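Take a look at this single chain, the form predicted on its own, given in structure tokens.
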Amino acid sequence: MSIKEEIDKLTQELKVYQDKYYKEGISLVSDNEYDRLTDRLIALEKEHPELQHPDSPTKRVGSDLTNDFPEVKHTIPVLSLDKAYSDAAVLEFFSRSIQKEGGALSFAAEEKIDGISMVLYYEKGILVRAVTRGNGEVGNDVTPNIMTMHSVPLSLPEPVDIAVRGEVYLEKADFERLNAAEADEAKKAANPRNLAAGTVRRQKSSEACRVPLTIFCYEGFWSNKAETPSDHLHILSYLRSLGFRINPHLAFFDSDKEKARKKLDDAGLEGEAYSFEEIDEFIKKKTAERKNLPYEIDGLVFKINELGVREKFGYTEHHPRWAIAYKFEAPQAEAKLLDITVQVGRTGRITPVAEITPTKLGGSTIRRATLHNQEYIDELELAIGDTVSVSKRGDVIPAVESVTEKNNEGNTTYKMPLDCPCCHSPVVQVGGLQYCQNYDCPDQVKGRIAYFASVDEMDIVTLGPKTVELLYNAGLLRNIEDIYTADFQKAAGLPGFGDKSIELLQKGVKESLSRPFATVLSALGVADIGKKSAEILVKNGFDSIDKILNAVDRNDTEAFSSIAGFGTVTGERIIRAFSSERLRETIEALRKAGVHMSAEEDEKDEEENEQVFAGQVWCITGSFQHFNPRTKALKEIEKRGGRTVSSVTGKTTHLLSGEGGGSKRAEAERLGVKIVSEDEFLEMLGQEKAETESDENGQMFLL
């Protein structure tokens, strides 16, 4: 047998085995035999690439070669859909369409899969390109990754030239399994759609094939219009006969149920038949079923069935006039993307930020929203001018969630700059993130100083981000340690720097010298060492900076990774961070300034502070004039030996109650817990009720 004959034979055998297994669940050979034949075909194709079939089953395995995803122009319109948020709006679309046509129409209804829109292009029955939606005119060619999907035919039983639209998605169970197996929390995906989108753009198709993506196909466009079926139902039927997966949860609407059932039967399709009057019943049913589906859907798509009418109705610049998407939930807010700016954080991480039209959301007007990184932008295929859906994640950080309508300016997916927008140093890629490696980048320096001084860290009153920027620009602050050596009297004359402001700043700097070692450790801003991690390190024997540095000098990764909740990656990052000479210089300068570098120093301070709250358990509720944020009061309690809790229980001894105490105060009264007012609390601290002033963030502090 010649090499060509062996390749042909193996190709056909493996195609039969794959089809039987992935379409019918039948194994014709053992796994070992299948792997042996596949390995043999891969070896032959590597030696003789000119003999590889364009639809070779080895395409399912993927390649370790790095992929490039060039932009490709679509040959069909790939647009967004007009939207409706009520059954009345869908019914109005039906009525408007029928009136415009001047005759009877019928409508197909399909689930709107929450996945990645994809166009599969076939020439003479062979898959030649798989292209993302992009901006509707131009998308990314991701063919190598899509070829690894067993639900995508590499060749068709007929030599047709056809473009097929579908939605690539990941089932919920597969998402949960893959996310649970991911050890790195930072790499866990937020939802199945995000993981599917990231997989479609994996640089190596051998990695993409490990994620069990699948596809539902819902539209076909024939190059030869004479081959196009007469209506949508027959398109679906034909696509199925060619080997494409179509969603079995199809519904069909006509003027009466019997007509709808007959058209489904004529097309040879299973599905539910409805009359127009039953639209409300159908939407309620699908809304209730949604949570039980094995995949995510975010709505329903209603389409005119008759293709001749579709052609007559045509398209707007944004959407077809013959279809509408019913969305289960109205977006929290929609806005137009005006621009994307790029910020540099204290660690050098470069983050894109969406600049949007002013939009009401959660009781406030937002103008900016996070975009995370370039991968996230690519997943959304986001371009300047797009209309986007914005939410507040955790009711705190506004974020762009999806593109609801593509721009009509022809803008393509935004690409982040290759240089740092602040210092113009080259940007480096680390995983899915981009970093400026210039330690002296002004934005990084200001970010480190502001983080160190922030309320949740060293809590230096009045030294917020705006003040840090003023002092940096004036040359007074260039590093964290400068906080303790700078002559702030030289700031006199700067905006907001009167005698009182300078006095308050100096007082805040002095008070910060008594912050406990765990707080100092967290305030240094080392990756993976936040407040909780710092406390865990101290409790596990790393109760001084010298003990940490000694372990780093020994390159003792295990000393850190063996701590519960840390792991090898965290251990390696800690060693890498504390190996930095610049960080060590800062540590030594802070030590010299008198900042706590051990828990032993904390104990000395505690001895000096009278432990008036020892043995007491405090809870806090309401808002305060002198303690904003309330964590300031928590620190005062803990500094004096008290323990703080988040809710009132039978063990709570005191409730510090401000304005609007609510349910916690009522529970304290019921349990007989001692309720302390703000004025009483000040007296207990040995302070008198004092005049207050606001800093640049609107927070109150004592004068």
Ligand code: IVH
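Please read all numbers here as calculations on a predicted model, not as lab measurements. Residue positions are given as counts along the sequence shown, with the first one as 1.
Separately, the form predicted in complex with the ligand exists; it is not shown, and the next lines address it.
- The contact residue chosen from Glu469, Glu511, Glu219, Glu171 relative to the ligand in the predicted bound form is Glu219, the criterion being a non-hydrogen atom within 4.5 angstroms.
- Of the residues given (Arg165, Lys204, Lys188, Lys336), Arg165 alone sits with a heavy atom within 4.5 Å of the ligand in the predicted bound form.
- Among heavy atoms of Gly622, none comes within 4.5 Å of the ligand in the predicted bound form.
- Contact check for Lys446: every heavy atom lies farther than 4.5 Å from the ligand in the predicted bound form.
- Taking the partner from the other structure, the ligand in the predicted bound form has a heavy atom within 4.5 Å of a heavy atom of Pro320.
- When the ligand is considered in the predicted bound form, Thr287 lies well away from it, no heavy atom lying within 4.5 Å.
- You can rule out all but one of 174-182, 583-591, 267-275, 298-306: in the predicted bound form, only 298-306 has residues with a heavy atom within 4.5 Å of the ligand.
- Along 123-162, a single residue, Arg133, places a heavy atom within 4.5 Å of the ligand in the predicted bound form.
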